[in-house]
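Shown below, as structure tokens, is a lone chain in the form predicted alone; questions about how it binds or moves come after it.
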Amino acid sequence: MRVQDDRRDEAGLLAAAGRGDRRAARALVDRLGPRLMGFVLRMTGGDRAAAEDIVQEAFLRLWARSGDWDADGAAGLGTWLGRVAANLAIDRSRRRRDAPLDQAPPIADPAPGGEGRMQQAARHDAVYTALASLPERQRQAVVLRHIEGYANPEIAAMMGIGVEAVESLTARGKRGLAALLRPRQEEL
């Protein structure tokens, strides 16, 4: 019941935002934006500028649907935004295939240094580099499931595939990550 209430609340905020209510728009962005931004950052290999552009475009597309959003539909706003953002990230990635993945900018840790922070940064860099090496669909499934914490049915809706396909992509992605990270296990 709570999920349905949240969906109706979000749909109400979307409708109000569509009518020009800035507070409703801000509330919706505050509610859905951080998780979406984290997901898109991972999908873009830590490219903050690209992630911000993608999140902004996803919300613009959501605002365009504000008048006809169905709160009782198959997907919630977060799921819908995730799917749109994933598609935008994949489109962007396809346009930039000529750039080597190993040149993706690392995600910097803004916290003060120390050996523990250096170790954590090395782990993050290794994971993001390994994630970037996975095929797009496997990377998307792994990020959505194991980093963003979405359930398989939500991922299936975002990716436009069945739950079994999500499970298969996630399993193959995890095996791929393990194989890529195994040589650096002691170092990390």
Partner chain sequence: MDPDRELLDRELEQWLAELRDEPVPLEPDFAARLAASAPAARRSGRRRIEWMPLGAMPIGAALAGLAVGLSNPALIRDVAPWDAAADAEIYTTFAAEWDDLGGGSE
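Residue numbers count along the first chain shown, from 1. None of the values given here were measured: they were computed from a predicted structure.
The discussion below concerns the form predicted in complex with its partner chain, not included here.
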| property | result |
| --- | --- |
| 4.5 Å heavy atom contact, Glu154 to its partner chain in the predicted bound form | no |
| 4.5 Å heavy atom contact, Leu60 to its partner chain in the predicted bound form | yes |
| Met37: touches its partner chain in the predicted bound form, heavy atom cutoff 4.5 angstroms | yes |
| Close approach of Gly149 to its partner chain in the predicted bound form, 4.5 Å, heavy atom | yes |
| Contact set, 151 to 171 vs its partner chain in the predicted bound form - heavy atom within 4.5 angstroms | none |
| Residue pair Ile90, Ala151 - Cα distance in the predicted bound form, closer or farther (3 Å or more) | closer |
| Inter-Cα distance between Asp125 and Asp30 in the predicted bound form, nearer or further [3 Å or more] | closer |
